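Single chain ahead, written as structure tokens, the form predicted alone.
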Amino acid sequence: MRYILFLILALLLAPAFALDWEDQQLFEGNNGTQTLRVISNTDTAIFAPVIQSFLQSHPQLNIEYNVASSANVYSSFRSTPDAYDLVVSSAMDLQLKLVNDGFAQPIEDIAHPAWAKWRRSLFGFTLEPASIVINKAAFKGLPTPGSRQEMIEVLRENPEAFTGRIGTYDIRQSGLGYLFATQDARVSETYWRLTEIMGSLNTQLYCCSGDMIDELAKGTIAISYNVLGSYASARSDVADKIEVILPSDFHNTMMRTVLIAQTTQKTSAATLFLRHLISSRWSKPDTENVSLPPLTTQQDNSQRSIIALDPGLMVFLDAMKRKTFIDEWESAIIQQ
């Protein structure tokens, strides 16, 4: 009955913001009397163990978990901020923009590394690298690329093996894809060369890491660029078919972040959930099914470029800069 009521509520809210939900679920505590509404771009299968571990220690709460693309999470929350209590997203730039525009509530007395928070309102709780992921069978007899330059070389030398069989984010649709692309362009001299070569080979564009991983496992595509390594590593069902590669030149690493809505009337309960996310308690052995890598206390790899949680993230959100970047990207990746 409570699940039916939840579906009715979702239908009633739909006209307020026409959103194509990827998933909506209600997680109930044993004695849940208050429900936190979370909007997120993290797949339910990936995030459910985190929620369940929280409810084990806070059975008085329920979690209404709504999943959409990172771009839709941002748009929906800006459109109807009263509809949610917390926002979880991998699109760090869009999250920081929400904070900058006054949509987040500052939370005091949260012990957290300075580099993983912004204005006491936005908190990183994972470190997740962008990866190259390959279909193992497709690379039989071919060199496995360990860097961007090596990926360029294998694509150039074997066009017949990769035409129509490369995948990456459609950065016009994916907030995370846009973040990874702009950060790549800032850091790597090879990004545009790689993008042009991928475009010449009829690269397939995707909204989400999960879709790319599915296509890799089926062999529809042979290689994907900038896939979330955490999602690929979590797919034990296809582990024998795919391989996750962290580029040896550098790999952009994003922080999945969380904020509490400025308008929420459930600040105390929302703060409990936020503390749970950033505490790494959910990474202990009793929640070993959690596949999200927790935030470490130090930046421990010189080849890992952790995307800084600072105002520089908003540079490419400027309308003109975004249009210029996407125009250049379209010219490189869509060569028709």
Partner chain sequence: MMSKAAFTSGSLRYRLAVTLIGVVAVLTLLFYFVLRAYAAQIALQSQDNILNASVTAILDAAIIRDGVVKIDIPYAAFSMLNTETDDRVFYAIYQNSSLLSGYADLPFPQRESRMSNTYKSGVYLGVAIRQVTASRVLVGGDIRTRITATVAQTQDSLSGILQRIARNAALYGVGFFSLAVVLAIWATSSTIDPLKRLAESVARRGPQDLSPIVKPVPSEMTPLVSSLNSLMTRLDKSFSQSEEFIAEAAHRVRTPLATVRSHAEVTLQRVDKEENRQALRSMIRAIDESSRAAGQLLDHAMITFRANQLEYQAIDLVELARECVQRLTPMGDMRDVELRLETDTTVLVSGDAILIQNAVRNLMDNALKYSPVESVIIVKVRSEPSPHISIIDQGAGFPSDEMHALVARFTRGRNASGTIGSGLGLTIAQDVALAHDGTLNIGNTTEGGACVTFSF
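Only a predicted model underlies this, so the values are computations on that prediction, with no experimental measurement involved. Residue numbers count along the first chain shown, from 1.
Omitted here: the form predicted together with the partner chain. The next part is about that form.
Only one segment in the set 165 to 173, 201 to 209, 242 to 250, 92 to 100 has residues whose heavy atoms sit within 4.5 Å of the partner chain in the model of the complex; it is 92 to 100.
When the partner chain is considered in the model of the complex, only one residue from Ser224, Ser76, Thr126, Gln183 comes within 4.5 Å through any heavy atom, namely Gln183. Although the partner is absent from this view, Lys117 contacts the partner chain in the model of the complex, with a non-hydrogen atom inside 4.5 angstroms.
Taking the partner from the other structure, the partner chain in the model of the complex has no heavy atom within 4.5 Å of any heavy atom of Pro59.
Not displayed here, the partner chain is approached by Asp318 to within 4.5 Å at the level of heavy atoms in the model of the complex.
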